[in-house]
Every structure is written in structure tokens, then in C-alpha cells.
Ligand SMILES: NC(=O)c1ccc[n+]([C@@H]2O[C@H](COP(=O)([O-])OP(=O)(O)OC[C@H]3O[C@@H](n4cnc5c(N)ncnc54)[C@H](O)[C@@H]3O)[C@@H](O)[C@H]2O)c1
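In C-alpha cells, one chain follows: the form predicted alone.
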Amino acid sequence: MKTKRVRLGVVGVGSWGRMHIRAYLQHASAELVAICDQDAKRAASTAKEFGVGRYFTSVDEMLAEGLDGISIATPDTAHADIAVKAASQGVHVLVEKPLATTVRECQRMIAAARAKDVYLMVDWHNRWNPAYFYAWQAIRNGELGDISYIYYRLSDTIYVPTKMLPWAGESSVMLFLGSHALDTTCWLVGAKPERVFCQRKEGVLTGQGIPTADMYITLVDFANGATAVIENSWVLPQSSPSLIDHKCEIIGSKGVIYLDPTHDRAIAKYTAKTPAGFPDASFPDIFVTPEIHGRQMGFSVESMYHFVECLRDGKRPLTSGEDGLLNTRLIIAAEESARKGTPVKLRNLDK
């Protein structure tokens, strides 16, 4: 019996767009039909590298290929228009975080998907992170009792905004990492966030001519009484042992969980290159995006596989546009709080 093949396209072929390309090329039920990027040279070279038959610089032209779904891996501010175009043509959408940078854009995307009854999935891949899934499962099973406090740290070295992302000055570490941290925290707590208090620190990157903040410290109060403190920085020293510093502590009335997926020393490497940090860090990535025998592995591709399988089997994705809208509301509230120096209640964003 033949398995249904899902016809897919990828918009934006930068570092994470390449992950989507590899995931779709690897999945037995996926057929990567085309890729699209504004940079014609990059689109052509990427298509040649991965053996993709069609490439475009126009989203409209790519959508004319009769696709079942697309991935959107463009910079943050470019998500909305592409998603609305695709959804209006009955094409399912997997979009990188954040869903969009404004509430109105998120609402447009959700409305377009609802109008055509297509999926609008946000790539919150930490929900497929084994460590966080086990923590989520333990909370849902009541093993920790009532959750009172979460500390969540997701930070990067300065390599990311200075070398990896040419558009870092047009974004923020809140959008790039804070969106993941906020979503994972909300998913773990499982209650409505009600109040946000945030402080923003800057100086390191602006001193290098990159107009964006260095870090955010965000406190979120939830309707069930839980409180979370979230730390996001992308100016950790280049010599740090890992590109990513990812930690979490979850305290409940019956127990506690500690997570440290980037410093668990599953492998430690020390060579002449180690002091220079990433890409020769002493704690290499073996869980998020490792490549094994030429195959893209890690939990980051599992969310992409999930999108394929939802389209193939007609089942709803585990993440939604509504999750993305809540996340964007939280980011906007955090920015408002940092600007005003006062807490912000989420209901103030409902208008």
C-alpha cells in the first residue's frame, strides 16, 4: 500500500529554513516540491545543494505549484503576509516562531486559516524536546503537585547576533529566544498568564553598532498562582562551552524538576580549538540539531515531521495559531513593561 505523499514548499532558506528542507527530504511521506527566497542566488545554490527541482523568489509563483503545505522560515516581520497568501489558497502553514510581531498580524493569519479550514502551526519544537516533554508529563500526572514557580533560562552566545543572524538588529532576543521560553513556560504551567513585568538591558550590542537589546528578564504571573522568571540573553561570551545555555527549574508542592539539556556532559570535547567557543564548543549539540551519518537528527525536526504527518493523516497539529497569538501578546506586554518600568496586565492587550 502506498503512503500518501504531502507536497511541500519552504519559504526562507537561511539557517533554519535549511532544517525544514532537510526534514522534508528525509520524511517518507513528504515531497519537497520547491523552495523560495528573496535572494535569487541563495535560492539557486540551495536548490542545487539539496537537489530540489524548483526554486523561486516569488511566493505567488511557488504557491502555483499545487502545494499541500509550506514552511515559513523568514525573518519575524515577514511571516504574516506569506501565511495569509498561502492559507487563502487552501495551503496549510507551518511558521517559525514568533507567529508574528503584532496582535493584528496574528489575528489576520488565524482568520485566513479558519476561513479555508487549513492548519496554522507554530514551530514550538521544545514541545518535542525529550527533557521538557517528560517534565510536562510529570506535571500533568500530578507528580509535582501544584506548580508554584518556574525559572527558565534560554540564552545564546554573542556569536548569534554578531555572526549568525545578519538581521539581528531588526529583531530582538525576546523575539528570537524569548518567544520559545514564554511558550514552553506557558505549556508547562498550563494556566492563563495574567501579568508580565520585564526589564531590558542593553549596551554590548549597541556598542558594536547592532541596534538591539542584550537581554530581557521577564516575570510572568499565572491565573493558578504560579510565577515564572524567564531570562533571555544573546551576549554570553563567545568562549562559553555551548552556543546555547538552556536551563529550567520547576517547583511544585510535591516535588521539583531540574533541567539542564545543554550542560549535561553527555559529551565534552577539548582540543586546541575549544577556547574559541562555537562552532568548536566543548559541549557539542547532540540533542537539538545533530547530524548523524549525513542525516539531520534531533528533536528540532520532530515538530516538522509532525506537520507532515498531520497533513498526511488529517489530524490537528499539537500547536496552533492561537498559541502563537498568546505568545505575541506576552512579548508585546513584556516590551511595554520594560519601556514603562511597571507590570502590565494581559487584558490590556485584548483591544
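This one's a predicted model, so the numbers in the text were calculated from it and none came from an experiment. Residues carry their position along the shown sequence, with the first being 1.
Quick note: we don't show the form predicted together with the named molecule, though the next part is all about it.
Colleague: Heavy atoms, 4.5 Å, the named molecule in the model of the complex: which of 305 to 313, 39 to 47, 26 to 34, 319 to 327 makes the cut? Say which one.
Modeller: Only one stretch qualifies here: 39 to 47.
Colleague: Have a look at R153, H180, H92, R127 for me and say which one sits with a heavy atom within 4.5 Å of the named molecule in the model of the complex.
Modeller: Looking at R153, H180, H92, R127 one by one, just H180 meets the 4.5 Å heavy-atom criterion.
Colleague: Within 4.5 Å, heavy atoms only, which of F197, Y149, F133, W167 is in contact with the named molecule in the model of the complex?
Modeller: Partner contact (heavy atom, 4.5 Å) among the options: W167.
Colleague: With the cut-off set at 4.5 Å between non-hydrogen atoms, does A73 touch the named molecule in the model of the complex?
Modeller: A73: contacts the named molecule in the model of the complex.
Colleague: For P343, is any heavy atom within 4.5 Å of the named molecule in the model of the complex, or not?
Modeller: No.
Colleague: So, in the model of the complex, is G12 in contact with the named molecule at a 4.5 angstroms heavy atom limit?
Modeller: Output for G12 is yes: heavy atoms within 4.5 Å of the named molecule.
Colleague: Check A111 for me: does it contact the named molecule in the model of the complex (non-hydrogen atoms, 4.5 angstroms)?
Modeller: A111: no contact with the named molecule in the model of the complex.
Colleague: Answer yes or no: in the model of the complex, does the named molecule come within 4.5 Å of a heavy atom in every one of D245, I267 and D285?
Modeller: No, none of the three is in contact.
Colleague: Within 4.5 Å of the named molecule in the model of the complex, which residues of 16 to 31 have a heavy atom? Give them in sequence order, or say none.
Modeller: Contacting residues: W16, G17.
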